[in-house]
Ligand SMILES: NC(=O)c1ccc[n+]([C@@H]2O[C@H](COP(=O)([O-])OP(=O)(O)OC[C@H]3O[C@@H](n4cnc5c(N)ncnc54)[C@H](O)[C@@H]3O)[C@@H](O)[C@H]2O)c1
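Below you'll find only one chain, the form predicted alone, shown as structure tokens.
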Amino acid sequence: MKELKGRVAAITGAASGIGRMLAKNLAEQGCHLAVADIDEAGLRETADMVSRSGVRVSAHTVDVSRQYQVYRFAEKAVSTHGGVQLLINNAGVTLSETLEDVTFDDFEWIMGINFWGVVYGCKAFLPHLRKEPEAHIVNLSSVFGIFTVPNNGTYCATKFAVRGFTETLCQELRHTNIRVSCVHPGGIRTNIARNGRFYKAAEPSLTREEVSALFENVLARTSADKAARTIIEGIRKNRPRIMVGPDAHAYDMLKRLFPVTLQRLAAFTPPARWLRSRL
């Protein structure tokens, strides 16, 4: 989708982070927006911010884990803007707990948002996207849809699921008017770690605040704005696979060349004293 000016994009998880920056950057390129999130206050801030670019913006309070809400979002977005050409399923959450101890309620919570939210979004918007001369679906997976880390098994499971769903959808739509991209961000400076559910880290003595600080100060090397611009570049070039951040490219390469070694290295947890020294 080389031309974005005048197009309409529907974005979930738009109240903050990558979703907000996607809205901002798309609006600056003349793309009209239907933004959605469960966080009403943050969603209003995003809508107010992007409306200054002179594009049409509609804000929709949506819990993407609820099928009927996502379908209602699709209908309202299309009726408000006269159509949608770009769908970005961005909404996501984290959960830090072992697979042995995680409750089924928590597992269903993260699966409902991270995976079923993507499925509902695609299924709800596909009939509308098929009516357009050109359309694009973008689903956000993660580097943790490529390799795994301890105490993030539920998150990894959702992101591997998103990757499998998206890559298959790309194959099935290859002869249609709809292009499909799977996005694999590395460490992005957003509030996702602070807003997730936390029970224990791989190093169990670390607190939620310490884990969040480590993520933000050490692991998250790419800004949300840079991530959004990388994703938009991938949309313009119709890339089926969009890697975001130098760490994502590095992990992807290591997984290809040394799949077993990377998994072993990713299972290693540094001592708490060393980790705290990074704060």
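Worth saying up front: this structure is predicted, and the values here are computed from it rather than measured. Don't overthink the numbering: it's just position in the shown sequence, from 1.
Not pictured, yet referred to below: the form predicted in complex with the ligand.
Novice: Please check if Asp63 has a heavy atom lying within 4.5 Å of any heavy atom of the ligand in the predicted bound form.
Specialist: Yes.
Novice: Wondering, does Lys159 line up within 4.5 Å of the ligand in the predicted bound form on heavy atoms?
Specialist: Looking in the predicted bound form, residue contacts with the ligand include Lys159, since a heavy atom lies within 4.5 Å.
Novice: With heavy atoms only and a cut-off of 4.5 Å, decide whether Asn152 touches the ligand in the predicted bound form.
Specialist: Contact check for Asn152: no, nothing within 4.5 Å of the ligand in the predicted bound form.
Novice: Can Gly121 be called a contact residue for the ligand in the predicted bound form at 4.5 Å between heavy atoms?
Specialist: No, no contact at 4.5 Å.
Novice: Mind telling me which stretch in 168-176, 127-135, 205-213, 90-98 gets its heavy atoms within 4.5 Å of the ligand in the predicted bound form?
Specialist: Comparing against the ligand in the predicted bound form, the contact stretch is 90-98.
Novice: Only one of Asp39, Asp252, Glu28, Glu45 gets a heavy atom within 4.5 Å of the ligand in the predicted bound form. Which one?
Specialist: It is Asp39 that has a heavy atom within 4.5 Å of the partner.
Novice: Have a look at Val84, Val180, Ile188, Ala201 for me and say which one sits with a heavy atom within 4.5 Å of the ligand in the predicted bound form.
Specialist: Contact residue from the list: Ile188.
Novice: Does any residue in 97-113 get within 4.5 Å of the ligand in the predicted bound form, counting heavy atoms only, and if so which ones?
Specialist: The stretch 97-113, when checked against the ligand in the predicted bound form, contributes only Ile113 at the 4.5 Å heavy-atom cut-off.
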